[in-house]
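The chain below stands alone and is given as structure tokens, in the form predicted alone.
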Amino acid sequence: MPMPHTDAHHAYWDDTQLSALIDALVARGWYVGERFIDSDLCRELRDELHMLHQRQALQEAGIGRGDERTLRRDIRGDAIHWLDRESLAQRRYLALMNELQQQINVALYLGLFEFEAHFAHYPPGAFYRKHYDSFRGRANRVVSTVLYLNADWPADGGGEMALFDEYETEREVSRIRPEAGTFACFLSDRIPHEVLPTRLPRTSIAGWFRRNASLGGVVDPAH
């Protein structure tokens, strides 16, 4: 029985997909599901990202946080725009992630308390070297997500995300084709991953479920 969205347009995953996601996070720390998110919603989000790109409203992505943030095109080549709930498509997607957050908390007791996400546009030739999304002991980002928005991605398009084993970090365990509707989910401080060079413009939404690591009214992490 699918879990419907409350908007006039529906986008949902079914209970089988949700169970598979939970089981995979427990068993191996990562999950990949094809056609996990409704194709109409993916198209609306892709159109919005294209519009932002045409308006030059994307920001070159850096590495590090706060005063330590730097631009390193030899490490990371995407441009981003943080989701701000300005469009119906964004609100629909964030509502789905809120539902997923609740389901993960019920099943795994992770104490996730919010979700942050940004559009990501990789121009031809861009990549992102192998990295973790969080570090043990500073794990405010607990579960990472990626939704791909590219329609009809060709087999030779490049731009795959490679996931690596938690313990044998040179051993690749999955290579994910960035096709619209495919959804990847993994533990932020345990699964190293990288984006391989893309031959075509590559679009996605990267997101993170976070624990509350804020202190004294200072949000952690700050954008």
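Owing to the predicted nature of the structure, the values given are computational and were not obtained by experimental measurement. The numbering used is simple: start at 1 and walk along the sequence shown.
There is another form of this protein, the form predicted together with N-oxalylglycine, and it is not shown here; the text below is about that form.
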Assert contact residue (N-oxalylglycine, in the predicted complex, non-hydrogen atom within 4.5 Å, options Leu18, Leu200, Leu25, Ala206) equals Ala206
Interface check vs N-oxalylglycine in the predicted complex: of Cys185, Met161, Leu45, Ala180, the one with a heavy atom inside 4.5 Å is Met161
Have a look at 101-109, 116-124, 88-96, 149-157 and name the one stretch with heavy atoms inside 4.5 Å of N-oxalylglycine in the predicted complex. 116-124
Can you check whether Arg73 is within 4.5 Å of N-oxalylglycine in the predicted complex, heavy atom basis? no
Indicate whether N-oxalylglycine has at least one heavy atom within 4.5 Å of a heavy atom of Val195 in the predicted complex. yes
